[in-house]
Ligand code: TRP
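Just the one chain here, the form predicted alone, laid out as structure tokens.
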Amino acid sequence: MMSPARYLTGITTTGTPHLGNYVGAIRPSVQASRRPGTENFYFLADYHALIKCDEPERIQRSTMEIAACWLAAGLDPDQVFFYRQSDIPEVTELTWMLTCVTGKGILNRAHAYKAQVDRNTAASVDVDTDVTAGLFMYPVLMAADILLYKAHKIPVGRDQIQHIEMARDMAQSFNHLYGEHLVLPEAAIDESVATLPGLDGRKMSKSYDNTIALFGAREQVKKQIFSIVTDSRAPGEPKDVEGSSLFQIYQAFASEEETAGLRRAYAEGIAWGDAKQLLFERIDREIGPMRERYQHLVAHPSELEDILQAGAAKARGRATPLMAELRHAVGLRNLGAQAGAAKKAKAKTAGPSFKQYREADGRFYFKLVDAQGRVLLQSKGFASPKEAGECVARLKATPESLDAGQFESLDGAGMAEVQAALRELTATGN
């Protein structure tokens, strides 16, 4: 039976979720958690919060509010892995292991680090001003979050693809040195996720102070909606939906039929006050029923803590066995174990395996080796780790697809042996 696809999502605990966070992240995450044939991991990235926030009370408050938001929006902790990052000690242990196989050159290219260097250069100050080791190393922590659970798909925006590629590089480096232990993740881009405009027409963001509260009091939310900037067209004058923040926010909540109705109302000259009232009522119809659950959880933080502790125990059920495997792989072993017994067990279980790696030419390669380490198959270079991984997956799935012309070292006489090794790999599920 095929194992379920594993998806992983995290949110940094530095602020209070607003309506844009709900539409762009929380709502689609909750909907995705109900996909059949998947395992879903959701975590509160409080270690990541330490990189950008030095206010302990703010981090604690944000952790509580974000957890309550997700649960109030319908996330079922019994059906997913829902946990706080700092409750999983294995994540920091894996971070260190990955640090030891990750080249500094890879981290030099990280967007956040480069952006700070560019700001420092523009300000004519030392390039490392305000660059902490945490900022520089956080792609490694992010990779550990992903690799610890052998996640297959990571839902991200296009600006986050680099981090997934870096996680793949780190996994490949580790696997090349110590064997095939880590799964190479892939970015899952959802082009349909909406980005809401804020009160002033710019992207809704705390940085612009133009947000609409997600679970604020009804009167607070209404006041914010009625402060959305509109043009000066009077009641009765036709209004444009193009570029209208009010219309875009309404569309993110309404059905196609409801959206078409507001479009007609714009053309017929609806008054801005009436349009804002329609928007408030439509949002409140979706968010209102969740508000009571949110307020209850915030008022009873011990309930949230119990849920997160149960989620941590569930997540560690996956993380702890993998870390035991990785500790053994790198040589952090029980000295009381008999080497002879270990060698015997290894000889008994050893079989063919793929080794993926990156060469100095910047291209990605793989090779198939037998139990004795003899190379059976050597690939040509690929432009990306994804292309190399896809080729490996094809060979595992259909050994008959092997084409000697596609590889650097494989002759006709060895074709049968290589295909036999591939079939053995397929049969054992390695």
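When you see a residue number, it is the position in the sequence shown, counting from 1. Since this is a predicted model, take the numbers as computed values, not measurements.
Same protein, other form: the form predicted in complex with this ligand, not shown, and the subject of what follows.
Out of the listed residues Ala313, Leu332, Ala213, Val156, Val156 is the one that sits within 4.5 Å of this ligand in the model of the complex by at least one heavy atom. This chain lacks the partner; the member of Thr99, Thr195, Thr92, Gln160 within 4.5 angstroms of this ligand in the model of the complex by a non-hydrogen atom is Gln160.
In the model of the complex, none of the heavy atoms of Leu377 sits within 4.5 Å of a heavy atom of this ligand. The closest heavy atom approach of Phe43 to this ligand in the model of the complex falls within 4.5 Å. Proximity of Thr12 to this ligand in the model of the complex falls within the 4.5 Å heavy atom cutoff.
This ligand is not drawn, but in the model of the complex it has no heavy atom within 4.5 Å of Met170. Only one segment in the set 243-251, 146-154, 172-180, 281-289 has residues whose heavy atoms sit within 4.5 Å of this ligand in the model of the complex; it is 146-154. Residues of 47-70 that come within 4.5 Å of this ligand in the model of the complex, judged by any heavy atom, reduce to His48 alone.
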